[in-house]
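There is one chain below, alone, in structure tokens, taken in the form predicted on its own.
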């Protein structure tokens, strides 16, 4: 194979043969194509794009670069959910046990955060003893016995995606829709799913800043996944403001438990139930979305998903007594400082990007993949748009390692909020479904 000719062909806007793409990914994964050539190829794709056939071929080559999960015959459908990332997006944590209680199997392979975008595995790593990287065999065992697992991909699962994503991150080629589609679906299809629900974010803290771009990404994801035999829907969700009232790893775990106990924020509950309801309809477990929403709400209210959460934690090595003791503490960061409203009125702005940057700078996120994380820092009790507030009322709480850090975070966090005399028009959380 002459990889240079493929670079030249894509640079000049030509379509590539699926077999060429398959051989190229195999050669790169086994070290026969150097990083500098693959970087050039990725940049050519960034500017010239890939058509649907090329994107599908790239996705399948990436999926088949390593192990694919295999499960025994079982009446419970294999389903999963994937988010394109955001601030405060902890939907996966309460959703997985809810889906298990609704009669699904959920092999949820998740990732870590980078920059301001939070990662599901980082949240789970804040739980004492939790093991986020079980073996392939153990993943299957947990799914079959508990009904759900939330873990990272093993070294043998989709290795091509790991290598390509690291290179994309280092070459400014991450925001390419064909590359995003191939990356997401290569991991999800390696789970042998029957149905998938996606939450595709748009807004100031999302990969896709506009609803139009999010719609384009969602359509590409849904089309390729359905073509590959996985019943798929995408929810277009607003990420101008954080999801829920907490951002930061341990703080988001706490809020997820509150959701499972019926005490969580309204927007988090809405999105958890919507994801569950769509999967119920997609797999024929419910005839209408309204009936599915009621079925999911009744299951959540039963308390069974909260018990299932503990089963999941125990199966993945968590120290449940230590977890309960940590939950019982009012806060785990050394310093907690309140940010107060400067005037009375209504919250008219709550900028998710600024809040994400504050959490990252507190130590709760990564500047590089090698950065260490402080799981206890973050921001919670976040006031949301359209809510009334009085002068001196609470806009947010900052959880920090020391007073100086908290004060610096407070100065930045102030710029995330605006207060108006009249309440703003509230935008819907879910802007559409594909």
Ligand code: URA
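Residue numbers count along the first chain shown, from 1. Treat the numbers as computed from the prediction; the structure is a model and nothing was measured.
Beyond what is shown, the protein has a form predicted together with uracil (URA); the following relates to that form.
Practice task
Please check if residue 165 has a heavy atom lying within 4.5 Å of any heavy atom of uracil (URA) in the model of the complex.
Solution key: Judged by the heavy-atom cut-off of 4.5 Å, residue 165 is in contact with uracil (URA) in the model of the complex.
Exercise for the section: Using a 4.5 Å heavy atom cut-off, state whether residue 337 contacts uracil (URA) in the model of the complex. Expected result: The answer is no: residue 337 has no heavy atom within 4.5 Å of uracil (URA).
Exercise for the section: Flag residue 184 as yes or no: does it have a non-hydrogen atom within 4.5 angstroms of any non-hydrogen atom of uracil (URA) in the model of the complex? Expected result: Yes, residue 184 sits close enough to uracil (URA) in the model of the complex that at least one of its heavy atoms falls within 4.5 Å.
Exercise for the section: May I ask you to check whether residue 309 falls inside a 4.5 Å heavy atom distance of uracil (URA) in the model of the complex? Expected result: Flag for residue 309 set to no.
Problem - Among the candidates 130, 346, 207, 323, the residue which, in the model of the complex, approaches uracil (URA) to within 4.5 Å (heavy atoms) - result: Of 130, 346, 207, 323, the residue with a heavy atom within 4.5 Å of uracil (URA) in the model of the complex is 207.
Problem - Selected contact from 190, 293, 142, 180, since only one has a non-hydrogen atom within 4.5 angstroms of uracil (URA) in the model of the complex - result: Only one option qualifies, and that one is 180.
Exercise for the section: Spot the stretch among 172-180, 193-201, 280-288, 226-234 with residues whose non-hydrogen atoms come within 4.5 Å of uracil (URA) in the model of the complex. Expected result: Result for this chain: 172-180.
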